[in-house]
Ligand SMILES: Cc1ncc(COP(=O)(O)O)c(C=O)c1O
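Just the one chain here, laid out as structure tokens, in the form predicted on its own.
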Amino acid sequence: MGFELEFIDIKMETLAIDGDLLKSKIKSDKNIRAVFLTHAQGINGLTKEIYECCKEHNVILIEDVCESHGVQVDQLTKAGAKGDLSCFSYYYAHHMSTIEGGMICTNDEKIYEYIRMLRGHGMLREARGAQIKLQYEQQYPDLNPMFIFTTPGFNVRNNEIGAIIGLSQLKRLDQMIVRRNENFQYFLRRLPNWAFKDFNLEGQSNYALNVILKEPNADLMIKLEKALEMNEIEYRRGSAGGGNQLRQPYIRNMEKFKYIDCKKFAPITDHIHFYGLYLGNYPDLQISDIDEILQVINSI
């Protein structure tokens, strides 16, 4: 999109952007235009400090709520309602599914119209506002108004089957969140002491059962992974999305990040990359299933 990427390390308690580091970055770099904040794995990542910093410096805040539907940011607000834009995913492994797909939310009318056009091949007729339609029609009188393409676009419109499935789950979402949270709290209480347990659980909407080593220990990590694999327990190492993105080829191939010291630049993220993993959590996961998983982990 023509923007220059910046990366900021996370806090272990939230698995999200460190507010102090972000504040320092925004104050020192006047070119920061937007912050993409992920509410990772059902934990609230948006602090009052981060929100106010973005507002004060006129920085667009984009909330990624893809795996954290229903997270409570404060007493009145849920994740996705504070940012200038927010995105939700309905991938089949997330809190609720439409088989595939997702949603973007915004209160900004210009962004709303642009996104409506963007999702439908960039066609003007996808916009709802009369003013924006008139503006383009007058500017391009040689074009058929039904086929004015305002921007390169996509074909990502939802379908009726996906919508029916999603609406059906929406009725049960709060109930599913309660069950997910109970599973995670039960899991954390019974984890061995070498695992990190001090997550910020206030307002959570748990997505996954996290296992992060408190201290770097390659031997312990190897034993843990082998034990899970031998017992056919699926896990994802390095947390979601392949761990530290600075180590991924699509970033590493950029000249700016080619020689960056990942461990020094983002020590918390890098620690989770090597010494963190998560296991699936879902509403139908029984306590007896969790006990079986814990038995394997505690045997290490």
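This one's a predicted model, so the numbers in the text were calculated from it and none came from an experiment. Residue positions are given as counts along the sequence shown, with the first one as 1.
The protein also exists as the form predicted together with the named molecule; that form is not presented, and the subsequent description refers to it.
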Of these, 186 to 194, 83 to 91, 225 to 233, 114 to 122, which stretch puts a heavy atom within 4.5 angstroms of the named molecule in the predicted complex?
-> 83 to 91
Is residue 270 close enough to touch the named molecule in the predicted complex, meaning at least one heavy atom pair within 4.5 Å?
-> no
Would residue 162 show up as a contact with the named molecule in the predicted complex if we use heavy atoms at 4.5 Å?
-> no
With the cut-off set at 4.5 Å between non-hydrogen atoms, does residue 54 touch the named molecule in the predicted complex?
-> no
Indicate whether the named molecule has at least one heavy atom within 4.5 Å of a heavy atom of residue 101 in the predicted complex.
-> yes
Note: exactly one of 26, 50, 35, 66 sits with a heavy atom within 4.5 Å of the named molecule in the predicted complex, namely 66
